[in-house]
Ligand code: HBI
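Shown next as structure tokens: one chain only, the form predicted alone.
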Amino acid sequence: MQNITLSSNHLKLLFVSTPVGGLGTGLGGGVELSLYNIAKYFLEQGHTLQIVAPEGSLWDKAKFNIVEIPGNLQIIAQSQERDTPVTMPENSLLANMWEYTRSCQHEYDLIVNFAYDWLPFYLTPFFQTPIAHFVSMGSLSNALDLAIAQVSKSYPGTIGFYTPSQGATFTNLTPPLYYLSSGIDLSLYEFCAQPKEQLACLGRISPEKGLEDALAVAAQTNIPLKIMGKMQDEAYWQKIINDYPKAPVEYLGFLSTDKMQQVVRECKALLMTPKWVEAFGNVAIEALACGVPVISYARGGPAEIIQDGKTGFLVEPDSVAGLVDAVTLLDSIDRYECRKQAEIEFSLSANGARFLQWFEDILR
């Protein structure tokens, strides 16, 4: 790798996006929002930035200096088994993105990988420009686990996670490891002190999100549930709707940040019912920014975000009864405390400072 001397605070950064869907489509899940806000911070601070992204991305291409790469999308990791062999489709988008990255690497001080996939980790030793790997999910693949462990050993300090609970799902990692949390543009989220009698769920419609438990809460409390997120598993959605035919639920689709927060801010709480270890939970901090408390299973990232009894409630994992009990306690939460936590811990500047420190540590 080339040796960078930090003569100024100006960095030339190349962000390489997830290969499972275009930016702005929702297919990338929470990592899309993370990438958006990290990029926004560094651009606002005057750094040079280009984003390598799949063709069909919906973000403002001029504003974010996006180069779109064609090719066939990669299969999402959470739909595969742990021992599934590493595969790439014909005319692989992932391979095309990293070939472009290789061709222009010398124009940048640092490459930042946002793809949860084996190939970028395997390619790391073949690059002259250092690569920072931001790992966006917990352990899901034996092959990827091994690749991440190897990079952490050969290039210490280049592996970043959202949270310690996410990092703990991996084994044989060599420190230092970086835990970077997340952040959002708080100006985009409007505080609401007086909610309606309704609950919210945000996120991809897929089995690992445990949406059936949120529907069970709606059915038992008879409180309307507003569901927003990318439809990834139609069969799963139809099954849980059929299982809870009397639950007062409304699916609103995948909404822009502005439209989403208009709905969420008027809800009494956000429900998070993950069946896996969430790496973080960007939707939790989006809710907090609106003054909305979060009720979640005490599993993964949300357990490191929510201040139990103050900005929401942490419930025994997989306990629907615990979720229902928490709903009855919502009037004890001060919604101003929810917004305050978001402002202190999850602003763009707080998050950007964490990433800037990581990048500078790598380049030193």
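Residue positions are given as counts along the sequence shown, with the first one as 1. What you are looking at is a predicted structure, and each value in this text was computed from that prediction instead of being measured.
Although not depicted, the form predicted in complex with the ligand is the subject of the following passage.
Would the ligand be touched by all three of Q74, D117 and S136 in the predicted complex, meaning a heavy atom each within 4.5 Å?
Answer is yes for this spot.
In the predicted complex, which of the stretches 283-291, 213-221, 167-175, 77-85 has residues with heavy atoms within 4.5 Å of the ligand?
Of the options given, it is 77-85.
Counting non-hydrogen atoms within 4.5 angstroms of the ligand in the predicted complex, say which of G300, G28, G312, P54 makes the cut.
Looking at the other structure, the residue within range turns out to be G28.
Between the options V20, L23, L14, A342, which residue brings a heavy atom to within 4.5 Å of the ligand in the predicted complex?
By the 4.5 Å heavy-atom cutoff, the listed residue in contact is V20.
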